[in-house]
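Next up: just one chain, as structure tokens, the form predicted on its own.
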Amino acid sequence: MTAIATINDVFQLVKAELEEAEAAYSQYLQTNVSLIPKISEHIILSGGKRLRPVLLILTMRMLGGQPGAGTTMAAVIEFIHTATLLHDDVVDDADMRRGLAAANTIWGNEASVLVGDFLFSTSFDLAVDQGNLKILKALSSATRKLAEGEILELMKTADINTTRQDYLDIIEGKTAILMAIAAEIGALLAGVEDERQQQMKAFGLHLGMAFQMIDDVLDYTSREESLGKAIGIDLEEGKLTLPLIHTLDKASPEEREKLREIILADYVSQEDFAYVYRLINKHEGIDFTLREARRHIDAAKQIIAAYPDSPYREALNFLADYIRQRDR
């Protein structure tokens, strides 16, 4: 058995299935409305990591699913992810996505939202064709949860009373649930019993929680060219992520008041960002968030540790470590 030493080894393990899914993207986007594939492919083909399709395929293969059986659903998961990115960039008035101009800055908000709607509807059309009611139900529940997370995040914008539980509910909906459903659908495609389906859903959920927590840390610590989007944008948009929530919990009344002023301001200067960053370091907001992320990674790895050794289990284990190492 070839050892999995790099993320490229993971992708190589499922190369054939991923290539089938990549070919399916263009096939499923065929339409007489030329703007739809143009906007969709701007994001889909712009260098995304394909973590969710890979997670689906690896889970399915680890549980004994047949090669190629996950092609359509891998495309569905990527389409839903792309739809959320299109909608998010409109809501956030984003300028960049994956190091490129965000679609809404090129074609406008209206087109981005409507193409996102097209991708959602196409995803469910393809899922119906699978003829598996359990898959359709899981997908429906996940997209409902996804919308709830996005709306809750909007409601909590610039709210300094946002709690840790609020934050966990937000990231479970807006990020983790899609990784959870990718792993669960992989299990459903493999035809395993309900208990294993739920275990794989929990595995994906833990990965997704960790992924978003580390992403929120990187918004304070990374460089723009490595993250592919502007740094400090969460603060400027009034998004209270875990590093800042933890800091607010630990801050003195004077520090909390200063943070409130910055969070509510229409514009965050470099000096304001530097002040917040210093305070987050002072109260160990980043270290706390990374510990929480690593706790989720450990929980995910513990779930799959009970499964028989295989290249696919090893790849899933490596994928968990890869997500953890994004904080470096």
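Model, not experiment: these values are computed from the prediction. One rule holds for the numbers: they count along the sequence shown, beginning at 1.
The form predicted together with a further copy of the same chain is left out here; the points below concern that form.
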property	result
Partner contact for residue 136 in the model of the complex: a further copy of the same chain, 4.5 angstroms, heavy atom	yes
Heavy atom of residue 147 within 4.5 Å of a further copy of the same chain in the model of the complex	yes
Heavy atom of residue 118 within 4.5 Å of a further copy of the same chain in the model of the complex	yes
Touches a further copy of the same chain in the model of the complex: residue 33 (any heavy atom, 4.5 Å)	yes
Candidate stretches 138-146, 192-200, 173-181, 212-220, one within 4.5 Å of a further copy of the same chain in the model of the complex by heavy atom	138-146
Residue among 168, 233, 160, 113 with a heavy atom within 4.5 Å of a further copy of the same chain in the model of the complex	113
Position in contact with a further copy of the same chain when the complex is considered in the model of the complex, options 246, 81, 239, 87, heavy atoms within 4.5 Å	87
In the model of the complex, residues of 263-289 near a further copy of the same chain [heavy atom within 4.5 Å]	none
